[in-house]
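Take a look at this one chain, the form predicted on its own, written out in structure tokens.
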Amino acid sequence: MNKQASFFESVSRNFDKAAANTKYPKGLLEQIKTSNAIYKMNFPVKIGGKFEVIEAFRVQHSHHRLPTKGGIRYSHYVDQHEVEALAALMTYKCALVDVPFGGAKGGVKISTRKYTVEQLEKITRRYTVELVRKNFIGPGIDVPAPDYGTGPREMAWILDTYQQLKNGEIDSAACVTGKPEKTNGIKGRTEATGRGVFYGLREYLTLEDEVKALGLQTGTGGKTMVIQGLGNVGQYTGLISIEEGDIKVIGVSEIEGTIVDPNGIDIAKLIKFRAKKGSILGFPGTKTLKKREDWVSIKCDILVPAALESQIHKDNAAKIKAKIICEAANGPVTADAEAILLKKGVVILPDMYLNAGGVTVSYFEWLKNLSHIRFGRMEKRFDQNAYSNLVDMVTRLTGKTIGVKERTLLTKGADEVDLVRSGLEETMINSFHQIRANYTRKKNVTDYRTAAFITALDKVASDYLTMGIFP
């Protein structure tokens, strides 16, 4: 059996494929492709009365924009190449959605299941100390965020540790994003990646000719979906797809197994069930597949891999029966698998675009922290009064009245979460059509991933050329 392409190799191959469709100098392309700074660390933490040496990484892929930006992953699979690949994707992702950051990523080689909350806090705080020591964190230097295995809790520990070491730094809250709302976070961040996945999918489904070629009708309504991975991204992708898109989730796969129900799975109830039982297996109305990995072969319109990289590879790609793959995770489809899927006519909406909702709203949070004011505070009441006066004028001139519910809807000023969702929606729509332009205009571009890479490369290359580094 031939060796599977690694995540790092897949990202490199995808980059090279896109670069071949540009006319930039070889040296410039090499600069864009290569990681600028890699910090590998080993630090001791006292666990259960004994010292344990933890291996960790922070990679700053590109300094063409500052600060660099990227999440921190906790996984026993973490290695340097994985973190480098993730950091590279962050560079392209930020450029693609016009977020002015360079790409970065962090990784701590641990299995979170093996540690208590107190032990995870120790590890997180010590990791933060290492980053501060080497100047690998700061509002204008490098801004971490959550990733697989981490969340708002870990970001709060990072912020607290940073502020202890940088006492008096006025913009210290902007050293990390994805924080709890009450700890200088922003409303809408937790759902951001999943919501971005939905917005991106919804925009693609407006393309009548392409969607019809897949044997589907335009719009999200009535489509069937299978989700692999019920973490933060998978949960919100499912919840929002059901509630706002009228999509039916017919299958869910997690570490404990895969369940299906052709009549649709209520994700909100499944989340509660799993929290209580510790497993998705046995959820009322569902059938458990004999093999967990058979999630790839469930017949559906939309398949959403929302867990880790390389989940769809050359050995299982042929089993895919979905018409559209939405890469909610980073790198879930290998380069080898993609070649197989494209020949089958499967449309792949690439990770570097589709899961960019997280970094987009992280950008909003960073701006909020630097401005020291929540979004909507200055204008919400003014807008509400203006809308109310307008409604009063219309009712007075027409002699008609409206109900309290309708009046509230018409006169409501925008809260922070409304502005965040609006900004995210605008970003995902605009970015899709930038990718779409390269997809339709470039002769040799036959997939959305290559089109997305070219779009990102154009923007990063433009920054470098503007700097005057490359003539």
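In case it trips you up, residue 1 is the first one in the sequence shown, and so on. Note that the structure is predicted; figures quoted are calculated from it, not measured.
FYI, the form predicted together with a small molecule isn't displayed, but the following is about it.
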(request) State the residue from 148, 199, 101, 127 whose non-hydrogen atoms include one within 4.5 Å of the small molecule in the model of the complex. (result) 148
(request) Sort through 307, 296, 174, 156 and report the residue having a heavy atom within 4.5 Å of the small molecule in the model of the complex. (result) 307
(request) Would you mind picking out the stretch of 366-374, 335-343, 386-394, 247-255 that comes within 4.5 angstroms of the small molecule in the model of the complex, counting non-hydrogen atoms? (result) 247-255
(request) Mark residue 224 yes when one of its heavy atoms lies within 4.5 Å of a heavy atom of the small molecule in the model of the complex, and no otherwise. (result) no
(message) So, residue 185 and the small molecule: in the model of the complex, are they within 4.5 Å at any heavy atom pair?
(response) no
(request) Would you please decide whether residue 230 lies within 4.5 angstroms of the small molecule in the model of the complex, comparing each non-hydrogen atom pair? (result) yes
(message) Using a 4.5 angstroms cut-off on non-hydrogen atoms, would residue 274 count as touching the small molecule in the model of the complex?
(response) yes
